[in-house]
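Below sits a lone chain in structure tokens, taken as the form predicted alone.
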Amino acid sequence: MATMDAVERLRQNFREQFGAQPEVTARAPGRVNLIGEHTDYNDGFVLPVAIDREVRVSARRRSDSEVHLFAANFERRTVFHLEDVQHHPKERWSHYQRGVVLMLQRRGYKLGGFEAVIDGDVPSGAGLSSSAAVEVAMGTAITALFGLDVEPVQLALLCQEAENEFVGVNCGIMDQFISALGRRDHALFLDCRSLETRQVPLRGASGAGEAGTQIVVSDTAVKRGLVDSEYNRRRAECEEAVRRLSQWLPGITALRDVTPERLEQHAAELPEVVWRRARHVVTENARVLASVDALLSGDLTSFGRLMDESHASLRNDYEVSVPQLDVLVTAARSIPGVLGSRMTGAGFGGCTVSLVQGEAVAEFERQVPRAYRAQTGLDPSIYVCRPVDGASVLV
């Protein structure tokens, strides 16, 4: 959650930029997915958690139909009109905010002009969903500013639509859902087909600096390459698996509908690569369900083991890991007190997530960067994360 110092800095920045006091300040968190990777577009299950890295927005209404935005992190300003929300090739950072404005208007919500300052501490490009945090924070600020009745689920869907249709990124619903619906000290179980959710308590886990088990995110400092082309290829391979399996399993529409046992029965009929892709998705869905059971019973050891199995599947069957991710995972697991570690996000760079007993966090922070640097020559960033609430209005 934002500290009062961070909020006051943002509001002071607003006063400096626009010469007036903001009316509303809102926030939305980034996220890390604990388990359930590449299952979302297969109608499967995911288990993300909102983390204490967030985007903040201070805003004030105008008397005209202009929108004035200032991005404090980039020191960039842009202006557009509510009647003509267009892409701006030189201000691509603002497409997320523009998209949210446009989607609200398309759904019939009445907006006026406004001015806003945006800042935050969600690392960009690290796979912690800074884009969804921007969208949800902006949507939360706008709805508060104009008194709009938009439920969190509606807001998440609207923000996903903005990213899909305006920004042009074919993302799933997970990132916006957890940013809007997260709960402190809980993970969010999300059924990506029905959009049903369940808050899962992280028993035995606690906030940074406390004695309980910690969620530690490690950034490889490797920019995620090949994601778009390989992502599209993986989707096509999953669709091919469904097409072929439907000969023997009539009625299936996604790998979500296939059990590990049924997949194994037809392994010989599938091309080897297609079978491995399907095996990851099918077993990953099973791991998410088992993880929910483990967390509900407070069995963090079993949950950590499932995280390890997830990484092996992502590396061997789905082939979206890279050496740097594997080095970070291996280094993490060498530390006594690390219960599990895996890559998180789309892959080909980005971050790992580890479940670390509280007394082992300091050793993790000392040893993992050292081992990673020795093998890769790169300096990782380490974030000890606290599970936090979803989007909210601060002032």
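Please read these numbers as outputs of a predicted model, since none were measured by experiment. The first residue of the sequence shown is number 1, and the count goes up from there.
There is another form of the same protein, the form predicted together with alpha-D-galactopyranose (GLA); it is not shown, and what comes next is about it.
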- Message: Whether G172 contacts alpha-D-galactopyranose (GLA) in the model of the complex should be assessed with a 4.5 Å heavy atom distance threshold; does it?
- Response: yes
- Message: Is D40 part of the interface with alpha-D-galactopyranose (GLA) in the model of the complex - any heavy atom within 4.5 Å?
- Response: yes
- Query: Quick one: does A346 come within 4.5 Å of alpha-D-galactopyranose (GLA) in the model of the complex, counting heavy atoms only?
  - Reply: yes
- Query: Contact between W275 and alpha-D-galactopyranose (GLA) in the model of the complex at 4.5 Å, heavy atoms?
  - Reply: no
- Report the stretch among 287-295, 164-172, 105-113, 245-253 that approaches alpha-D-galactopyranose (GLA) in the model of the complex to within 4.5 Å, counting heavy atoms only. 164-172
- Query: Since exactly one of Y231, F189, F80, W93 fits, which has a heavy atom within 4.5 Å of alpha-D-galactopyranose (GLA) in the model of the complex?
  - Reply: Y231
